[in-house]
Structure formats: structure tokens, C-alpha cells
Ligand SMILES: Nc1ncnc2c1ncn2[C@@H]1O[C@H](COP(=O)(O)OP(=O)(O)OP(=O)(O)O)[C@@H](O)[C@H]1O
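One chain comes next, on its own, written out as C-alpha cells in the form predicted on its own.
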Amino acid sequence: MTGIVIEGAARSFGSVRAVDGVDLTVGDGEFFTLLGPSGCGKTTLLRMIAGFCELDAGEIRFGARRIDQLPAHTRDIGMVFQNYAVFPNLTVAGNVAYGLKARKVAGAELAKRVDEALALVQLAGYGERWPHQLSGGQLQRVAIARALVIRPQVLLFDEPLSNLDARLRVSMRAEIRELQKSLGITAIYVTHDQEEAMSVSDRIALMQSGKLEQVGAPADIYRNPASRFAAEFMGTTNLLSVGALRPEALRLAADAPAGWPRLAGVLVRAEMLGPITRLDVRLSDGTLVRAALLDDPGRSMIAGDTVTFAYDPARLTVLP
């Protein structure tokens, strides 16, 4: 396994600077996520690592080996795409074996490695099925098995769960994380979904306009955003004149210590979402504050009620 070093990576398309001088180090065996809105450069950067997009400047190394000038098929990567890219005219086993055949692996060794890869993704016994007989989640597992069977140094994921329904996305992201962890392989994962990024990543690089906005552990970026963009993109936040405050940092004043600062306003909306109730409260200066409270069957609030919140000053993030 190996780490990845990116130095001064840049790429433009016409007048658009898609990746703008990115410096980044990914540790050996790390699950690293490139996160950001559409057009921020995350997919272009992933494609540069994969060899599908040339660099205008900079270099990329896997360990001590520079790879940005090598053809894609010699970089020793496995890649999982958003649309699965499964061949409909090949069986499941045929799809998984595709990369091995290109590497001249044959016979008993090929069959053994295909079976091992399918077992890793919980598809043992599915080798003779055809893609049209599989669900979306199973197709994505086939794509992952095909990436893993060549035993790559680095595994790349390009929005791999975007085409799945919400429930399946949650279960599949957990499976991907556990698989990566068990293999100890270095992985780079691209997504625009903040919750997905926080759930699977060792570290996240938050990108905006081709640059790195903030790099760190998911909890660090969420709790200590380095900019207004980071605070707003990494989940819901309340931007007050004195800083940023996450919805879960607010408590009803009656349940908080006497010394905590207070915010009072009128309830605009209450949404009961199972274990969490979300409240939107309009302060006297017009600011809309959002809170997230644990469900309390004994509590009843309706639009128009006066609500007073309190918060621990230590939970307030002062933004530059």
C-alpha cells in the first residue's frame, strides 16, 4: 500500500481554472474524501490522479514513484464510477475478470481471484448472473469487486452512491468503509454529500473554486470551520454577528445553565423528524435561527410561540 503526494496540481479548461495549485498528502491506508459543490474541482482532481486528465502544472506521486506522466493503465489504481460502468454483455464473473484478462492473468488463478473478489463484496455465487438480473446495490458491488480484483495500490471512488436510493446509500457507504478498512488500501473518495463524507472519511478536503478550503478530520471541520463557506457547506449552521453556531448546540433556555447567552424569537416552523425535532425561530432583528432538539413527547410548540434558546459559548465558532 502507499500514500499519495500531490504538489502544485493545476488544470484549466479554457478560462476556467478547475484545479488551482493544489498541495495535498494522503496517508498510507487512509480513507480520504474530496468534498465540495458541483464545479469545485474535486472530480477533475480525481481524474488527474487516475490518469484520465492531464496536469497543466505540478506532479503526483504514489509513495516515491511519480505517476502523473504515466498512462492510466500503468498507475496501479482501481476506480469505481458513479454509473457503475458494468458491461451488460458480460456476466458478473466476466465483468470482474476484465482487468485480470487485460493483465494476462488466466486459468485457475483468474477464477480464484474473481471468486475472492466477489466474496469480499458479498456476491459469492453470483458469477454466472447477468447485470440486468442485479439491483443497483449489487451492480455497485460488482464495480467494486472489479476494481479490487487487480489488487491496486490505490482505490478511487467517483460519486459511487449517487444513483442509489437514500436507504441503500447509507448501507453501501458503511460497507465500502468497512471493506477499505479491512484491506488497508489507500482510498480517495469524491462526493458532494456532506453526511456521506463525514461518515466514511479519515480526513476530508473541502474544495471551492479549484482550491482547498479546509483539510482535516470530519469532526474538526464540522466543529471548527475555517471560513464562512466551510461553516455553511458542512451541514446546517446559524451565522450570527458574533460567529457560527450549529443547530444542535442550542438548547431551550429552561434546560440550560443560568450563565449561558440567550437568543429569543418567534417560532416559524417545527418539524418532527423521528428522534430529532427541528425548529426555525425568527429573532427580533430578522435573523432565522435553526435548532435541533431531541424528541420530547411532553413538549408541544406551534408556530407563533415565543422561544428562548441558550448556548454554551464554547460551542460558538468565530469565523475570519
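Only a predicted model underlies this, so the values are computations on that prediction, with no experimental measurement involved. Each residue number is its position in the shown sequence, starting from 1.
If you look for the form predicted together with this ligand, you will not find it shown, but the lines that follow are about it.
At a distance of at most 4.5 angstroms from this ligand in the predicted complex, all three residues Phe13, Val16 and Gly39 contribute at least one non-hydrogen atom. Shown alone here, Glu159 lies within 4.5 Å of this ligand in the predicted complex, counting heavy atoms only. Heavy atoms of Thr33 never reach within 4.5 Å of this ligand in the predicted complex, leaving it off the interface. Residues placing heavy atoms within 4.5 Å of this ligand in the predicted complex fall in a single listed stretch, namely 43-51, out of 43-51, 58-66, 252-260, 281-289.
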